[in-house]
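Next up: just one chain, as structure tokens, the form predicted alone.
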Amino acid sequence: MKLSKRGEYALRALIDIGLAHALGKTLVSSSELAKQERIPVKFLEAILLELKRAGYLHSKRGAQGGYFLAQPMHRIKIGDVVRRIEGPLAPIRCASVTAYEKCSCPDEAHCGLRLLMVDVRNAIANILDRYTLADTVEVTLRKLRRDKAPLPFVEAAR
């Protein structure tokens, strides 16, 4: 599995919205997110719309509008977001749980490559499914505070 720019930006935007929420800012505009993460705003808007359709975000229109979380952070599993944006986690289709396709291997049950890729897929899934947005936001905030780095969205929240 390779995370595309779309997947990377989706996760970064979701984490930023989670950070903003944790720091007391309920709405974050797409332009503010784009500036914060140095992402092209039009590309980001399409990604935010996809996250909204997936039920991760809600939006409020208008000058004071923006995006906000549609569900509690502890319910948003990073693995689910990656699957929604990127598709299956398996590096090859015959190792996939959600998008299995028979491969051209003559003996799939004993194929060393498939067995290896099933292990790779399981390792990726186990990690991504173990972490929630809440976990990721907590770790990020802890590191920012430990390093005495500026907290995002704090000035805008005042």
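It should be emphasised that the depicted structure is a prediction, and the values quoted were computed from it without experimental measurement. Note that residue numbering begins at 1 and tracks the sequence as displayed.
One more form of this protein should be noted, the form predicted in complex with another copy of the chain, which is absent from this view; the next part is about it.
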### Task
Only one of Val41, Ile127, Ala99, Leu49 comes within 4.5 Å of another copy of the chain in the model of the complex by heavy atoms, so just point that one out.
Ile127
### Query
Is Ser104 a contact residue for another copy of the chain in the model of the complex, using a 4.5 Å heavy atom cut-off?
yes
#### Entry: Heavy atom of Ala63 within 4.5 Å of another copy of the chain in the model of the complex
no
### Message
in the model of the complex, does Lys25 come within 4.5 Å of another copy of the chain, counting heavy atoms only?
### Response
no
### in the model of the complex, Ala95 touching another copy of the chain (heavy atom, 4.5 Å)
no
### Task
Would you give me the residues of 135-149 that have any heavy atom within 4.5 Å of another copy of the chain in the model of the complex, in order from first to last?
Thr136, Thr140, Lys143, Leu144, Asp147, Ala149
